[in-house]
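Shown below, as structure tokens, is a lone chain in the form predicted alone; questions about how it binds or moves come after it.
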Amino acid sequence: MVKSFRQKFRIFVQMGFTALTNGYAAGFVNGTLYKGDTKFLCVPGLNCYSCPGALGSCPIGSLQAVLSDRNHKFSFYILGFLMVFGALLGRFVCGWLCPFGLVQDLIHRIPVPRTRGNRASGAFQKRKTLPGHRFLKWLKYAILLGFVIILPLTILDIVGQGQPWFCKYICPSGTLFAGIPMIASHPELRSALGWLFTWKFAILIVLLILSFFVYRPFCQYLCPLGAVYGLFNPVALVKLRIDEEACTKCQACRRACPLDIDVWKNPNSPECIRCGRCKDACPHGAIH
């Protein structure tokens, strides 16, 4: 009962926050962008500036914008924003407040068809992680360092302006919430689509298909915002504590964890998104 309520409440919060931060309905109807004062403010999760409904800005997109500025003006507001939310919530943001995390969660809930033949072979079985997870999980930190920080600072055009490399070449959230709605609203743009949109659309499709079988593949392996918040997990205000006297090391927490984290050993792993399933599953109430 508690488990069911917590997970339903989490989905409700995710949906509510997605609607709240993308609440400019006229944008979806008219294919226009909201340009009010709140657009200068960041929201905690991925939230593409170019999404027709976006009322705020993505912290990763904003960080790239100031790092690539040809006038070399840095906004300490963005750095402070990431530090405050990281110190307060850590990857709780990923588990409860990120729109693209919600999309992956909903897709992963869809049952995967299995026949009697492939049941024996294990085909189409849902997994928690990809093969090579212990190496692949570091990829998001490489993307943070390379695509979000180094490339916008060092690869400049003729006027000294950098590019938002992650947003432009990787971000599937921007493709889903911004690119596709804008193209749907403006048919005249379709003839101008080139290899870049095809590339990003392919990334989106691969991640959505993977989400059927693997829990949150983008969050686990590619998201630079998750990498930032993950660094704060051990010191964040919202964190887990294990009652060592009550814990029997039965590993019920690991079996319940959708990310296959050994919670009793490492309750504040950088991979933990604070979904609460481990706490619900603990038969001894040892996780707080």
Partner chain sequence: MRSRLPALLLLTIGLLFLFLGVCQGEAEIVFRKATNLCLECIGLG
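Here the structure is a predicted model, which is why all the values come from computation and not from measurement. Residue numbers count along the first chain shown, from 1.
A second form of this protein, the form predicted together with its partner chain, is not displayed here; the remarks below concern that form.
Comparing 105-113, 176-184, 142-150, 128-136 against its partner chain in the model of the complex, the single stretch with non-hydrogen atoms within 4.5 angstroms of it is 176-184.
For the candidate set L193, I209, I155, A202, a heavy atom within 4.5 Å of its partner chain in the model of the complex is found for exactly one residue, namely L193. Think of it this way: in the model of the complex, its partner chain has a heavy atom of just one of L33, A256, C247, L240 within 4.5 Å, and the residue is L33. Contact annotation for the candidate site: C48, G80 and F232 all lie close to its partner chain in the model of the complex (heavy atom within 4.5 Å). Shown alone here, F74 lies within 4.5 Å of its partner chain in the model of the complex, counting heavy atoms only.
Taking non-hydrogen atoms only, C167 approaches its partner chain to within 4.5 angstroms in the model of the complex. In the model of the complex, at least one heavy atom of F197 sits within 4.5 Å of a heavy atom of its partner chain. By the criterion of a heavy atom within 4.5 Å, D262 is excluded from the residues contacting its partner chain in the model of the complex. Residues of 83-100 placing a heavy atom within 4.5 Å of its partner chain in the model of the complex, in sequence order: M83, V84, A87, L88. Cα of G36 to Cα of K73: at least 3 Å longer in the model of the complex than in the shown structure.
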